[in-house]
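Below, in structure tokens: the form predicted on its own, a single chain.
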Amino acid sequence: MYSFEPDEEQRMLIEAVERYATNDLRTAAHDADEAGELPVELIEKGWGLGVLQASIPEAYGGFGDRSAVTGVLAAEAMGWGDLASALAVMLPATYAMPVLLGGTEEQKTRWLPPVIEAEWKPYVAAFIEPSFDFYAGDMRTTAKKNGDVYLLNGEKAYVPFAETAEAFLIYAVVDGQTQAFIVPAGAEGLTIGEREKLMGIGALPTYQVKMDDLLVPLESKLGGEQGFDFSPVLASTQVAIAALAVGVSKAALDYALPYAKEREVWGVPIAQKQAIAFMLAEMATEVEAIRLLVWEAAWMLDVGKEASKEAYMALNGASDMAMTVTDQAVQVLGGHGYIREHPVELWMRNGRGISTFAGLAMV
């Protein structure tokens, strides 16, 4: 059975992330969303905390071993600060972690150090597809072997920093199985579309990416000729997004609760009104329940157990929880909840997208 108490190294790392979330992410979130741009120094400061580096062995440029539990603790803290910024800081993990989990020894040695040893750079994953019925286990992007290369065809959406990316990890179907390919920026047949206009995460630049007979060498297929097991990679992104959702929802709760205690109507704090009190209690219950699901799924990944069901339940529950809790926070604030000077409307917009964000983070 897993423990609820982080060890000393985890505690030190998470405390540093929490300070960063409070002092940097939270204070920059509103202006970044309004401007539609994240300050580079803000991302680099988060990268310097070493969350991903601590999950990569020394042989590949890091200084630790992978811990999904540590990853979700850090993701929750950063999600509490600001979702768009958290996704940016965690972006290189969407490229590096699948390589660690599914790459050959040669691929790990070749592809991981450039990501881990340098400053933050946009190494990105092209995972989500622009279709209403998108399912990660049955993607429409295809990769067909043609002699000594693969031909990739399809479209991807929600690809962060695609315009300035160093390299892409592109997911595609090979013989009915979801696989992934490393593709350098500027490759012939790879087209970057215009920046997407989204309801939430407005500070994070995302793009649609199109592959039209994109030539990829055989050695760029993750896991080599035999490929890799996609299940733990999918579970890893599901628990990461679920942890971020817990952070966003906890932020909404932490803002709505003191507001309800201070806001008075007819001389009585609204927190004492039964409807508001019940709503706040429901919000707190949802956050705690989903957090436990996330921790359990992350622990199962760490001990090598099959975690597909638990990771799916965590993300599915987190998606509903984020929509409910952030919406209720807006309701608690009443008319003030609709004003952009209060952060709850931003959290509601961000929370609404959780169900579509698989692939945008990984632990």
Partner chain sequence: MISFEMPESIRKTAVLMETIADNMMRPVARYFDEHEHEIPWDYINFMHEAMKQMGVGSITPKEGKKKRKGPRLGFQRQAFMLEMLSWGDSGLFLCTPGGGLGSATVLAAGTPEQKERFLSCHTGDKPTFDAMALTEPHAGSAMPAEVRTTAVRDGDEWVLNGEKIFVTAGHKALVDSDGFVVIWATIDPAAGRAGVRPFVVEAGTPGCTVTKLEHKLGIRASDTVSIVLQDCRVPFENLMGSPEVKKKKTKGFKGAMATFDATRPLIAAMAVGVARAALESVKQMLEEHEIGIRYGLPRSRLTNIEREIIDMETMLRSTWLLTIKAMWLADERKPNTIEASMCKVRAGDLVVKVTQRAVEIMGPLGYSREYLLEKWFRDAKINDLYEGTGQINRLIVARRILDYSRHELS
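Just so we're clear, the structure is a prediction, and the values are computed from it rather than from any experiment. Residue numbers count along the first chain shown, from 1.
There is also a form predicted together with the partner chain; it is not shown, and the following applies to it.
Residue 140 is the only one of 108, 210, 140, 121 with a heavy atom lying within 4.5 Å of the partner chain in the predicted complex.
A single residue from the set 225, 288, 117, 188 has any heavy atom within 4.5 angstroms of the partner chain in the predicted complex; that residue is 288. The closest non-hydrogen atom of residue 327 lies beyond 4.5 Å of the partner chain in the predicted complex. Taking the partner from elsewhere, residue 284 is found to have a heavy atom lying within 4.5 Å of the partner chain in the predicted complex. By the criterion of a heavy atom within 4.5 Å, residue 195 is excluded from the residues contacting the partner chain in the predicted complex.
Though the partner is left out of this view, residue 280 does reach within 4.5 Å of the partner chain in the predicted complex, counting heavy atoms only.
Judged by heavy atoms within 4.5 Å of the partner chain in the predicted complex, the contact stretch among the candidates 289-297, 175-183, 211-219, 146-154 is 289-297.
Taking the partner from elsewhere, no residue among 25, 229 and 231 has a non-hydrogen atom within 4.5 angstroms of the partner chain in the predicted complex.
Residues 292, 293, 295, 296, 299, 305, 309, 312, 313, 316, 317, 320 of 292-327 are found to place at least one heavy atom within 4.5 Å of the partner chain in the predicted complex.
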